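Take a look at this one chain, the form predicted alone, written out in structure tokens.
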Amino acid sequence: MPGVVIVNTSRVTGLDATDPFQLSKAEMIGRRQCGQIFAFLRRHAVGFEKAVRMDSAPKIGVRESRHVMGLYTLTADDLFHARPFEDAIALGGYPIDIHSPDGAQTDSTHFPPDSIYQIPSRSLLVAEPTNLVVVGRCISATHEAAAAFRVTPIAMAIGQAGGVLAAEAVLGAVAPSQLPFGQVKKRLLAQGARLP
């Protein structure tokens, strides 16, 4: 929309997202930072003199906290080598992008321009309970691998696949890990998913 600017620059470090009190503190710090950033832009950025702040995120975004231990743990090596998986449910190409938890430094490792890595359905599944499907940033993966697939488009593809896994398991009255993968892939492709 003309005249609307989205700013993605706030950063809160040094707090534990698994602790509700620290998460609440992070929310407060983040909202304060948003106010400071907006005030800075109005004072110093050309074109922002009469800007109106419309909104901020309803919750602070947590880059990473816990991961499940799944049937397969996705690694940076899997991504670097574009390892093929027979049960690939999502694709990605975003670099490994690790933000320092105690400073402003970011370590990015880029893949070749045409590199596409795969996310296996086994990274969404755990041994116990057998009926659990995990989606989003907390799937079974190493810290380095998660720093690549954490971005919204890939997380959305993982979410779509998790929904299909769960629905097909219910329809077939079986555990998600027992589904024939061809059935899952067929449903995902029918929904417009991009798969190998």
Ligand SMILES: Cc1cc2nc3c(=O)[nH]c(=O)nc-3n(C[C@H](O)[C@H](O)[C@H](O)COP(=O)(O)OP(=O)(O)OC[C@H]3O[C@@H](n4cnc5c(N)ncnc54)[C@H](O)[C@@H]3O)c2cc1C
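In case it trips you up, residue 1 is the first one in the sequence shown, and so on. Remember, predicted model here, so these are calculated numbers, not experimental data.
Just so you know, the form predicted together with the named molecule exists too; it's not on screen, but the next bit is about it.
In terms of contact with the named molecule in the predicted complex, the residue from 34, 62, 132, 68 that brings a heavy atom within 4.5 Å is 62. Think of it this way: in the predicted complex, the named molecule has a heavy atom of just one of 41, 167, 151, 29 within 4.5 Å, and the residue is 151. Using a 4.5 angstroms threshold between heavy atoms, residue 163 stays clear of the named molecule in the predicted complex.
With the named molecule omitted here, the record of contacts in the predicted complex names 143-151 of 143-151, 41-49, 167-175, 123-131, defined by a heavy atom within 4.5 Å. Annotation for 172-189: no interface residues with the named molecule in the predicted complex [heavy atom within 4.5 Å].
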